[in-house]
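Single chain ahead, written as structure tokens, the form predicted alone.
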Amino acid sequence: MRRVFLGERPDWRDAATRNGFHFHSLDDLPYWQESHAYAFSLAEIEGDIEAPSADLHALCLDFVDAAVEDARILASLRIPEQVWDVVRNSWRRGDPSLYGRLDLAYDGAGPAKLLEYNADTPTALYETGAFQWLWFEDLLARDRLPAGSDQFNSVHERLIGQFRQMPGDGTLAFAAFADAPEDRGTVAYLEDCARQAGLDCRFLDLADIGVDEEARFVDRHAVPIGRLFKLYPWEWAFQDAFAAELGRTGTRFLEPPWKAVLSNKGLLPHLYAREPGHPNLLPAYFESDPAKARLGESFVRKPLLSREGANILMVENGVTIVQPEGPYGTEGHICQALAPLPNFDGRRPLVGSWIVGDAPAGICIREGAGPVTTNTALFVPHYIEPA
């Protein structure tokens, strides 16, 4: 794994405009960064990232199978009791999942370590599956990458394949906050993939969705929604007034309600308790567990439901390294062994390993200046060096 300076293309912004990548900068700050890239060997990708990602995802599915039948586990994850049957039934029905992203600490020298699983509403999808690939093809065509280079990226093809397998009547509604550029861009990309799979799609602002007297989710014209992709976390949805209708609605959701079991940092201590010797798992405990003392004076304290690095406390040798502010924490915390992100030229890359359906599909790199990856992190492309 190397950080390689390549120089950005002078016309990349034009390419972004042509391809609908309108959120390459956010709030006048850069987001896409191609002045450099991360280079991997094929052995690193296949042995250290792809294979462990498949194994970790399989462990997660086994955990869901146990969790939905165990009230103690559901309670530990702070999933509201009134929706336990909604979560259980979605798993028992076999409601399919579309995608998720495992966030890994990896430096090329040792096993990748799972930091968390963004299993419900991960973004950085379009820039991974589409624009990163276009960057790679363009640099190959301009002889700016070595001949024989590759990229670990089948996200686009796998998304289309997963949409083709979706049950239902061939229609799919997509919902997000229409005025949030990154969310809207992510959903627009998924819409495009679904259309390529032959589905009849429409976009809805989240504010345009309601519920009729038969507990069907409907649009503002009272047209029922058979299947809905929502870029809206389940922990928020479970608190909404609509949550009371989830148990009897015929609407099916992407991601399905059972994903709430995985999109929760309480997953981490449960996985570690089940597989304490796993090379890709870090020791982790609920904060209320006295066993957390085993972590010593170096650990990370995380809220169960935080996003974008908010409210994460990082302690090294008894000294607080960072503690970003945010709105999370009242739901409880876990403590996880410290696995610092590697330092490449003063920057810290986080490897996001994408799961589409149930298979690893590619990676993205988000690079920050500090030890915690926040919403100011840059997206940096990658490639696989020829042997």
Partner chain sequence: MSSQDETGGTDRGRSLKRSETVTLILLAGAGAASVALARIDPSQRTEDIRIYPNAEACSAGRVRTADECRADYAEALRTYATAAPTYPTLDLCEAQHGIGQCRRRDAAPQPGGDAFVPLMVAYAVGLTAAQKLEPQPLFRNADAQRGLGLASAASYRTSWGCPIAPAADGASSAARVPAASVRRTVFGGFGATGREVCGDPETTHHGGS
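Residue numbers count along the first chain shown, from 1. Since this is a predicted model, take the numbers as computed values, not measurements.
Below, we turn to the form predicted together with the partner chain, even though it does not appear here.
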{"property": "4.5 Å heavy atom contact with the partner chain in the predicted bound form for all of Arg184, Leu206 and Gln239", "result": "yes"}
{"property": "Any non-hydrogen atom of Gly148 within 4.5 angstroms of the partner chain in the predicted bound form", "result": "yes"}
{"property": "In the predicted bound form, Gly247 touching the partner chain (heavy atom, 4.5 Å)", "result": "no"}
{"property": "Gly266 within 4.5 Å of the partner chain in the predicted bound form, heavy atoms", "result": "no"}
{"property": "Non-hydrogen atom contact Ala291 with the partner chain in the predicted bound form at 4.5 angstroms", "result": "no"}
{"property": "Selected contact from Gly161, Pro283, Pro233, Pro256, since only one has a non-hydrogen atom within 4.5 angstroms of the partner chain in the predicted bound form", "result": "Pro233"}
{"property": "Heavy atom within 4.5 Å of the partner chain in the predicted bound form - the one residue of Val380, Met1, Ile384, Leu6 that qualifies", "result": "Ile384"}
{"property": "Segment assignment from 58-66, 324-332, 344-352, 32-40: heavy atom within 4.5 Å of the partner chain in the predicted bound form", "result": "324-332"}
{"property": "Heavy atom within 4.5 Å of the partner chain in the predicted bound form - qualifying residues of 41-66", "result": "Leu42, Ile45, Glu46, Glu50"}
